[in-house]
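Shown next as structure tokens: one chain only, the form predicted alone.
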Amino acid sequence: MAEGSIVAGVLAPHPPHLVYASNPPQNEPKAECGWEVLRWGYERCSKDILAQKPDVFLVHSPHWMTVIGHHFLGLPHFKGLSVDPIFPNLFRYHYELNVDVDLSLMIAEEAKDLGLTTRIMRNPDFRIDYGTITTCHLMNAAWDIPIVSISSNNSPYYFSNEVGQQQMAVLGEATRRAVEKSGKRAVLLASNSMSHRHFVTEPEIPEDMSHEHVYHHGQYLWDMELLKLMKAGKAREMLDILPEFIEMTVAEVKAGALTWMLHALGVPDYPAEVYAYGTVIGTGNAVVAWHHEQNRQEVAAHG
């Protein structure tokens, strides 16, 4: 078997508004328009990622929260209705997806060997969280590629940002080892926004973009600082300031998806590609890709 590889990693936020605005047949509510910069950025990113022919998408979502350990889907097929608990008026999505159970089990085993507590979700009635559904839909609306879904353990909230991010770094290493052993081409999806202070009311027409803007300027400046580091290929420096960023902006990256992904990529030192940045109810959202395989090929070509 050929060695597997991580093709790319994507910071892939999950505002349900983006699915709502694109009016897929699976979602019951319908919109007129909205959040075009982010949606069109997602479309460009999806096109580039799918062109690299991945075998599997691995997604880490903050909305599958687990208190004890890191959990993985362990059945080959799930089907159901996903409803956003905050925005049921926008997101009531009928999903049907396939899971790469072999890779799920391999990552769980590697994580266990590295000292993490793991569990396998084998309840056929388990409802997949809306973060996973939204991110996977926006990256691959055809749903013709299996996924591995990973929970977000609550260690950043029960202990500290630093302890939580350390656990996610170990989980990233376990993910890389499992992918390499699997022989598969994997894309990692860190399903979270950046700054996460948000408004608590929405306009009468949710897609009315005259009401959409960043929550406050300080939050925006922090988002720009992180994006600047991503574009400069300074993932290590970004990880170093992440605990402060989380405290200052109530950032959703606290749940660990970004740290997991960057460590699975080996903490990349090459520039990421920023496809879009925009706000949704005031939160900062960026679609950013680290094209890992392309970077390796470019390095090899230039000796």
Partner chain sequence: MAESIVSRAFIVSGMPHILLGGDRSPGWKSLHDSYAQVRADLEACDADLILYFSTQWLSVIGYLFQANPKPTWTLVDQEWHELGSIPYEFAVDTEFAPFYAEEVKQAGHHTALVNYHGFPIDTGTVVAQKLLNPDNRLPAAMVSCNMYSEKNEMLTIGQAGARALAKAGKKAVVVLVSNLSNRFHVKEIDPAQDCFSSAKDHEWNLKILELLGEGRMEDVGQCARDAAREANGDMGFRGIWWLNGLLGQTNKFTGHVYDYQPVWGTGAALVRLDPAAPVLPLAHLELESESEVIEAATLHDPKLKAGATGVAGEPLSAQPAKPAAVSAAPPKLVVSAPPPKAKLTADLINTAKAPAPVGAYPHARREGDFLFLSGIGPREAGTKEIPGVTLDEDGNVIASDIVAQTQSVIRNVKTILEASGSSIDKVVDVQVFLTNMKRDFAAFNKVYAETFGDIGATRTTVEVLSLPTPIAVEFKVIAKV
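Numbering follows the first chain given and starts at 1. Computed from a prediction, not measured in an experiment: that's the story for all the values here.
Below, we turn to the form predicted in complex with the partner chain, even though it does not appear here.
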Go through Leu105, Leu75, Ile205, Val83 and name the one with a heavy atom inside 4.5 Å of the partner chain in the predicted complex. Val83
Please tell me which of Glu96, Asp144, Glu162, Asp125 lies within 4.5 Å of the partner chain in the predicted complex, judged by heavy atoms. Asp125
Does Arg39 reach the partner chain in the predicted complex if we count a contact as any heavy atom within 4.5 Å? no
Does the partner chain get within 4.5 angstroms of any non-hydrogen atom of His198 in the predicted complex? yes
Might Leu227 be said to contact the partner chain in the predicted complex, defining contact as any heavy atom within 4.5 Å? no
Considering non-hydrogen atoms and a 4.5 Å limit, does the partner chain approach Ile281 in the predicted complex? yes
Exactly one listed stretch (185 to 193, 229 to 237, 88 to 96, 133 to 141) reaches within 4.5 angstroms of the partner chain in the predicted complex by non-hydrogen atoms, and it is 88 to 96
